[in-house]
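Below sits a lone chain in structure tokens, taken as the form predicted on its own.
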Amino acid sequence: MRCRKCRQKAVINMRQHRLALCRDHYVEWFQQQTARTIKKYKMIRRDEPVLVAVSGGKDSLALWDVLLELGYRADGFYLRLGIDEGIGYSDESYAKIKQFVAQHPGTRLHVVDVKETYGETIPEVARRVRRGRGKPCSVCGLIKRHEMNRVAYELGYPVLATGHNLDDEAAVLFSNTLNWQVGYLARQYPVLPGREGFARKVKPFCRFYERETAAYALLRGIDYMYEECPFSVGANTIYYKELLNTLERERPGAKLHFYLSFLRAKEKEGLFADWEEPSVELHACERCGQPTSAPGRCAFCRLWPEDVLEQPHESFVPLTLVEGA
């Protein structure tokens, strides 16, 4: 198989695009497509600093790499979850990220260690608040959302970028459609606007298949974490991804068509335009200061024992800064 542009040997064939490319032209295509997505959905202005949420996986590290290559001032944020307990998942993830930083001079990585900061790892918090029932995913999601937004807002980053790819977005869309979660469907979009206390959230990889981001990472020599979170086994999202992958094998491009048709229906046909989000009065959490609809303290601050929160919030949220050589 030959590259469509230069006729050299192709390294990837994207059936949904009817496009085969060599290494150099694939990297170029991938970066250009990311730039087009950023421009189309008005994600990031050139003068805006971006905080990239990185996990050590292919998508987030590839996103950080692309944003740097496109000339954005992009810094990283890593939340050390403490998912180790004999498997070393968090340790290995952090090692991959520090290696990336070392290879990209001038980059900055902000790190929050959940154990060092709040006294417990994610699994330990989940066992305490859930009394040992089920997986820690809901607790993990709550802590991630709070800390990503807090760090972006407190450090003055107007934009928070995540590496969600097309497979992620299509699976969420499928789940929300299957269950007719109208509120979630109305809000699902490549950009979640910022407001007082919240950074703007963007997903520049929303139109890329997972295999496309993996190919970019490999061709760019990015050493990433291959293993998924050990708690993700059996998750509904993975099941929906498998169903969509079955459809994709029979109909190349089905996932992309499903997702883009949904976005076009919202943009051009006014799908869910009449839906109004229930009015919720927000106020500052009395502990951390972030906006919340809950009385007194937000859901995040209610996770922790009182003695953890005895000090003013400015003093118990230290950041570690790692900089590229």
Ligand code: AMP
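In this text, residue numbers run from 1 along the sequence as written. Note that this is a predicted model, so its numbers are computed, not measured.
This next part talks about the form predicted together with this ligand, which is not shown.
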- Message: When the contact criterion is heavy atoms within 4.5 Å, does Ser55 count as touching this ligand in the model of the complex?
- Response: yes
message: Residue-level contact is defined here as any heavy atom of the residue lying within 4.5 Å of this ligand in the model of the complex; does Met148 satisfy this criterion?
response: yes
* Asked: If you check in the model of the complex, is Lys144 within 4.5 Å of this ligand, heavy atoms only?
  -> yes
Quick one: does Thr162 come within 4.5 Å of this ligand in the model of the complex, counting heavy atoms only?
yes
Given 249 to 257, 219 to 227, 100 to 108, 70 to 78, the stretch touching this ligand in the model of the complex at heavy atoms within 4.5 Å is 70 to 78
